[in-house]
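Coming up is one lone chain in structure tokens, specifically the form predicted on its own.
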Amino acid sequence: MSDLVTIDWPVLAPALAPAAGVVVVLVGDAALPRRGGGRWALPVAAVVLLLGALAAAAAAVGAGAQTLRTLCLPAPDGACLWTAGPRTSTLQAGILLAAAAALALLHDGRPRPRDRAVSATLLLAATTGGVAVAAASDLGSWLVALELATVPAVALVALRGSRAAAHGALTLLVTSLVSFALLVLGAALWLTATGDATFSADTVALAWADPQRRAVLVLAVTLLVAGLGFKLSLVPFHAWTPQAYATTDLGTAVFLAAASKLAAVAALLVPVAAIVGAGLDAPALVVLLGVPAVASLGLGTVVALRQTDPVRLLAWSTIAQAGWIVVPLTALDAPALRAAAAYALVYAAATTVAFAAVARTGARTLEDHRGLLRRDPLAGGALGLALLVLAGLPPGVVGLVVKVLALAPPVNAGVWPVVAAGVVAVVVGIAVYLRWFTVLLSGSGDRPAASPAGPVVSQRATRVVLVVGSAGLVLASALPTLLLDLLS
């Protein structure tokens, strides 16, 4: 086997860690079905996620500008099925850390004893797929990893057991099936156009030079963007998002909003990077990316402005932020790839902190957060910082930095309709998040709200998420170049 394919185990470590965690949890649950009601499963899963994140971070820092490759074949031309540069490794670390944060909220939410091992297994499996799709460079691995990142998340939504959760899971499942069908068809057309089963810039350039193959390639990219649009919550593929977030537990909502979104961004950057590497002058592809980006910015921001439920507000915020992630990609150049990855990471961190604050307070409405800064400085301060980052206002400076970074590529490329939509979205977005922020500052209520999921017995893990997440946002705001250097 070693003569046919080269395997570098340290390069695969970010995906191997959660995959090994799946095996450990399943074997442990089978061998010790009554041991502590399975309460060991979630901490074990958290440990392997953190180990995977350390491996990914070490790869991002240690490799420099070098691209790590493994699973390399002798033919054709020594193609490698796994490629991870600094941007990929940083996104992998973000996916693993976001999954660990989701696990922390699941832990504090006290799932039923019989559900603990199941929850840990599903979350680890979905994380494995998310990490793998970021580095997959061939069509087969990319498709399989993308579905592995999605299907367990559907089961996580349904695991809550309520009728509303079942409805949310069914909505997500139908969306996932449609998405996968589009992705498979898009991959088949990509293979037809390029004659290559990998995402190679060279074969993309050759296909673009042939007018007939160019038309097939444009159709392939259209279907791939549509399929990934479901997973990114881009308009018009967004309808499942508020329903799924509002009907599941907050730990699963964090996974959908942060880890799953980072995986979708990483998946999108794989074909876009091949197109960028080919150096195409492709107005059709600019329109293909620009239309859903502008629609997501507009609809997500406007509807979020009318929400009173914090979870639904964050769901519509996710839709708007998905538009921001795609905005720089309309330039189809190398800086756009870094800008999209940076925006996705900052969005995921801020949204995770916001969800953790909502989980700590158990608030059902924005009004329940009135005076939170006085009643609970930790939750109120962390939530306030997250909202300011999402709005792009000081002291959440990193939010402003990534917005400027996202707008710079389309400005340089002259994609002015997208730039104009982004500027309008900035103004309306400030109103969305300041509306919530002013509630935190106003006079406090007499009592904290009760959790819609029932009383929370322990919040130690949630406090860790709030502290670590807030510290990360403060550090990124003080030294934004640290994040940008990791992605270079």
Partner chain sequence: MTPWLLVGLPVAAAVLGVALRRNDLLARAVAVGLGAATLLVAVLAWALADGSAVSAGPGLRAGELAVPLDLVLDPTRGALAAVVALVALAVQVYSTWYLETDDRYGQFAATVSLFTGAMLLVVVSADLLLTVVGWEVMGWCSYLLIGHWSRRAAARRAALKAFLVTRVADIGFVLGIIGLAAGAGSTSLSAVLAPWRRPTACIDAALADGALAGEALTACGAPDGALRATLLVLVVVGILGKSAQVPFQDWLADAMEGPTPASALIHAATMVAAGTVVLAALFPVFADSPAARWFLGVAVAVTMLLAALLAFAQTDLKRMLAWSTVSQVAVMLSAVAAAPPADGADAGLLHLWSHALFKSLLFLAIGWAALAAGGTAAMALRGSAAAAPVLRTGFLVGFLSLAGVPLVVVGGLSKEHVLVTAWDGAVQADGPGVLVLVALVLTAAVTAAYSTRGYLVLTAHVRQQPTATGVPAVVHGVLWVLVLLTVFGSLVVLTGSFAVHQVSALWMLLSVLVIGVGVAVALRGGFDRDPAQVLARRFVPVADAGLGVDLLYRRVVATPVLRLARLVAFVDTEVVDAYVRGSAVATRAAGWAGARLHRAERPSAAVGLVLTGVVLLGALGVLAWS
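All figures in this text were calculated on a predicted structure; none of them were measured in a lab. Numbering follows the first chain given and starts at 1.
What follows is about the form predicted together with the partner chain, which we do not show.
Student: So which of 125-133, 296-304, 88-96, 391-399 is the stretch with heavy atoms within 4.5 Å of the partner chain in the predicted complex?
Tutor: Correct option: 296-304.
Student: Within 4.5 Å of the partner chain in the predicted complex: all of Ser137, Ala205 and Lys261, by heavy atom?
Tutor: Looking in the predicted complex, the three residues Ser137, Ala205 and Lys261 all stay beyond 4.5 Å of the partner chain (heavy atoms).
Student: Is Cys80 close enough to touch the partner chain in the predicted complex, meaning at least one heavy atom pair within 4.5 Å?
Tutor: Taking the distances in the predicted complex, the answer for Cys80 is no, it never comes within 4.5 Å of the partner chain.
Student: Do Trp316 and the partner chain come within 4.5 Å of each other in the predicted complex, heavy atoms counted?
Tutor: Because a heavy atom of Trp316 falls inside 4.5 Å of the partner chain in the predicted complex, the answer is yes.
Student: At the 4.5 Å heavy atom threshold, is Ser200 in contact with the partner chain in the predicted complex?
Tutor: Output for Ser200 is no: heavy atoms all beyond 4.5 Å of the partner chain.
Student: Please check if Ala334 has a heavy atom lying within 4.5 Å of any heavy atom of the partner chain in the predicted complex.
Tutor: Residue-level check for Ala334: no, no contact with the partner chain.
Student: Of Ala413, Leu143, Ala158, Leu223, which residue is found within 4.5 angstroms of the partner chain in the predicted complex when only non-hydrogen atoms are counted?
Tutor: When the partner chain is considered in the predicted complex, the option within 4.5 Å is Leu223.
Student: Select from the listed residues Val404, Leu73, Val178, Val184 the one whose heavy atoms reach within 4.5 Å of the partner chain in the predicted complex.
Tutor: Of Val404, Leu73, Val178, Val184, the residue with a heavy atom within 4.5 Å of the partner chain in the predicted complex is Val178.
Student: Does anything in 167-182 come within 4.5 Å of the partner chain in the predicted complex by heavy atoms, and if so which residues, in order?
Tutor: Those in contact are His167, Leu170, Thr171, Val174, Thr175, Val178, Leu182.
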